[in-house]
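Below, in structure tokens: the form predicted alone, a single chain.
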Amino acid sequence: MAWRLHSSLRVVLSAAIFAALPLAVAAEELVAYKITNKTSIENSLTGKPGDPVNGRKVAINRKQGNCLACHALPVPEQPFHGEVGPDLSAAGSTLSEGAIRLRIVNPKAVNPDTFMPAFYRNDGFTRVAKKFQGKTILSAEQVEDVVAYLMTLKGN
């Protein structure tokens, strides 16, 4: 289901989400990647599989991935899951690893209207606070860890 929000609501929600992401990864050279069929990044950014245990920690950390701001996840110890984005409880059975990776790296490549942030992008933004310029929200390793975690989620 495509989420269409009134533009002023999108601005408010975007501001709230970005305010909840105060940490950024130190400036690093981004790993080159290739988008296949406009739907996925097939190859790992690190050349190795991610760690799903660490990926869960990154995903639910309100200062890192902060996935819970917009998505429901099977994380009972964390209250107040978001409802703006799709429920991710079955992400691993509905999307390929490459499709999940692209949605984390740069979701606008899939949906130009999304207000989900690009977690592995460091340029092309406007009005970025100086301390965040040239930085990504997550490192390549953290992206792979979150991908590995989401691939474990197969639903009920």
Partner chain sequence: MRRGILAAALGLGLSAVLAGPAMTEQSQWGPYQVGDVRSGYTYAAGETRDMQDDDFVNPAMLWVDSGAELWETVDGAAGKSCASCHGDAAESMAEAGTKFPVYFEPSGKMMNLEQRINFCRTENMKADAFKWEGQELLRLTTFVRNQSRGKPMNVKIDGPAAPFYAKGKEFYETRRGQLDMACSSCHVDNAGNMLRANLLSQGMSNGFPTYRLKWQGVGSLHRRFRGCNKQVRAQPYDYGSEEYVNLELYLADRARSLPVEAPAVRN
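Note that the structure is a prediction, hence the values are computed from the model and not measured. Numbering follows the first chain given and starts at 1.
FYI, the form predicted in complex with the partner chain isn't displayed, but the following is about it.
Participant: Counting non-hydrogen atoms within 4.5 angstroms of the partner chain in the predicted complex, say which of V105, L68, L45, A91 makes the cut.
Facilitator: Contact check passes for L68.
Participant: Based on heavy atom distances of at most 4.5 Å to the partner chain in the predicted complex, which listed stretch, 47-55, 93-101, 106-114, 32-40, is the contact stretch?
Facilitator: Looking at the other structure, the answer is 106-114.
Participant: Should G82 be classed as touching the partner chain in the predicted complex when contacts are defined as heavy atoms within 4.5 Å?
Facilitator: Output for G82 is yes: heavy atoms within 4.5 Å of the partner chain.
Participant: Is I137 part of the interface with the partner chain in the predicted complex - any heavy atom within 4.5 Å?
Facilitator: Flag for I137 set to yes.
Participant: Quick one: which residues from 118-138 get a non-hydrogen atom within 4.5 Å of the partner chain in the predicted complex?
Facilitator: Going through 118-138 in order - heavy atoms within 4.5 Å of the partner chain in the predicted complex - the hits are R121, F125, T126, R127, V128, A129, K130, F132, K135, T136, I137.
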